[in-house]
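Let's start with one chain on its own, the form predicted on its own, as structure tokens.
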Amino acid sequence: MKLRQKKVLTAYMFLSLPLAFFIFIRFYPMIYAFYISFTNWNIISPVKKFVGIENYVKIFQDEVFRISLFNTLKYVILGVPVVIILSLGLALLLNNITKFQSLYRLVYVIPYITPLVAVSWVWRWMYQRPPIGVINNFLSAIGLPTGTFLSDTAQALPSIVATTVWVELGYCVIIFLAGLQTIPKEYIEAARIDGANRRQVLVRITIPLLNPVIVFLTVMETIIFLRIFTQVYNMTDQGSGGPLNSTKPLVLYIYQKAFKSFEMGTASAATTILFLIILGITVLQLRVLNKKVQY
């Protein structure tokens, strides 16, 4: 056996164990959940009776599922553009700072590394009515009407989106900053010599060259908002996704079906639908946004 073949064989031997572990942890549960979605298993009984597509028909007839699906899409539509635009703006500002840039990076990344449960409860406290809630106290102090936030069906979901945006900003700013520092300065200097102003440099040079970073963050943030759970569970009354299901996302619907109603077949069918939605949106985003730019 040649030395090169020995190196390849050794590499495969080292990779085989984590690969087997990954397949067992990731793919086996996914395939098993797909199988369970065609049964009426209730987690207590050992019997798993095959019921075909009955669970899929059942959940689409369930009004709570339809509300949860719509809420999940609203989280994505409201949250992802705000995170991407705000973090890009902050990264552009930070990229121009020479002093204390590391300190500003740390300040922005702290919410991301803070446990999400703690963040959710702090924001829940901040959204409380006066005199407890900090936000309402501030609004009262500057003469603005106070808000009902988490107790209002119209304001609850945007309030949770705001919390999630605040958490995700730090991570996206760091990734955008890394992307900005890979852009050759010669391109920007050449554009300025040709008479381009700041807006033209941003639109014609910076943003096109940041396209791979924008695609990556858009896909990742879409997946995060599609799988939103912890914030809703901790910020709504008794983790119900209320008021009146106005904040309930698909993941919370799946959790309640699986571990409160013990309808594992229905929960698995909803899980399969969520997986297909994430897969479809991710593939669509990669096809639409992933454009190669060369100068």
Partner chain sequence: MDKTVKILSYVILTLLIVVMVFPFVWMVLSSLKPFREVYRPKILPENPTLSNYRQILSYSLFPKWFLNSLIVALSTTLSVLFFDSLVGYTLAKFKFPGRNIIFIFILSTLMIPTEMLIIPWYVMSSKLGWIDTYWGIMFPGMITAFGIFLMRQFMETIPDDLLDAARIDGVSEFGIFYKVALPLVKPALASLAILNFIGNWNAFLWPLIVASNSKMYTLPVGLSYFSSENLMRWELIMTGATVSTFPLIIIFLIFQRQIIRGIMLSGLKG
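Keep in mind that this is a model prediction, so the values were computed, not measured. Positions refer to the first chain, counted from 1. Here, rigid core means the biggest group of C-alpha atoms that superpose within 1.5 Å across both forms.
Only in words, not in the display: the form predicted in complex with the partner chain, which the text now covers.
Undergrad: Would L90 count as a contact of the partner chain in the predicted bound form, using a 4.5 angstroms cut-off between non-hydrogen atoms?
TA: Answer yes; at least one heavy atom of L90 falls within 4.5 Å of the partner chain in the predicted bound form.
Undergrad: I'd like to check something about R199: if you look in the predicted bound form, is any of its heavy atoms closer than or equal to 4.5 Å to a heavy atom of the partner chain?
TA: Answer no; every heavy atom of R199 is more than 4.5 Å from the partner chain in the predicted bound form.
Undergrad: I'd like to know if P29 sits close to the partner chain in the predicted bound form, meaning any non-hydrogen atom pair within 4.5 angstroms.
TA: Residue-level check for P29: yes, a contact with the partner chain.
Undergrad: Any chance S68 has a heavy atom within 4.5 Å of the partner chain in the predicted bound form?
TA: Flag for S68 set to no.
Undergrad: May I ask you to choose, among V117, I207, A190, I77, the residue with a heavy atom within 4.5 Å of the partner chain in the predicted bound form?
TA: Contact with the partner chain in the predicted bound form is made by V117 alone.
Undergrad: Taking the partner chain in the predicted bound form as the reference, which of L144, I132, I85, V203 has a non-hydrogen atom within 4.5 Å?
TA: Only one option qualifies, and that one is I132.
Undergrad: Within 4.5 Å of the partner chain in the predicted bound form, counting any non-hydrogen atom, which residues from 113-136 show up?
TA: Going through 113-136 in order - heavy atoms within 4.5 Å of the partner chain in the predicted bound form - the hits are I113, T114, P115, V117, A118, W121, V122, W123, R124, W125, M126, Q128, P131, I132, V134.
Undergrad: Examine I273 after superposing the rigid core and state whether its CA is displaced by 2 Å or more between the shown form and the other one.
TA: I273: C-alpha displaced by less than 2 Å between the shown form and the other one.
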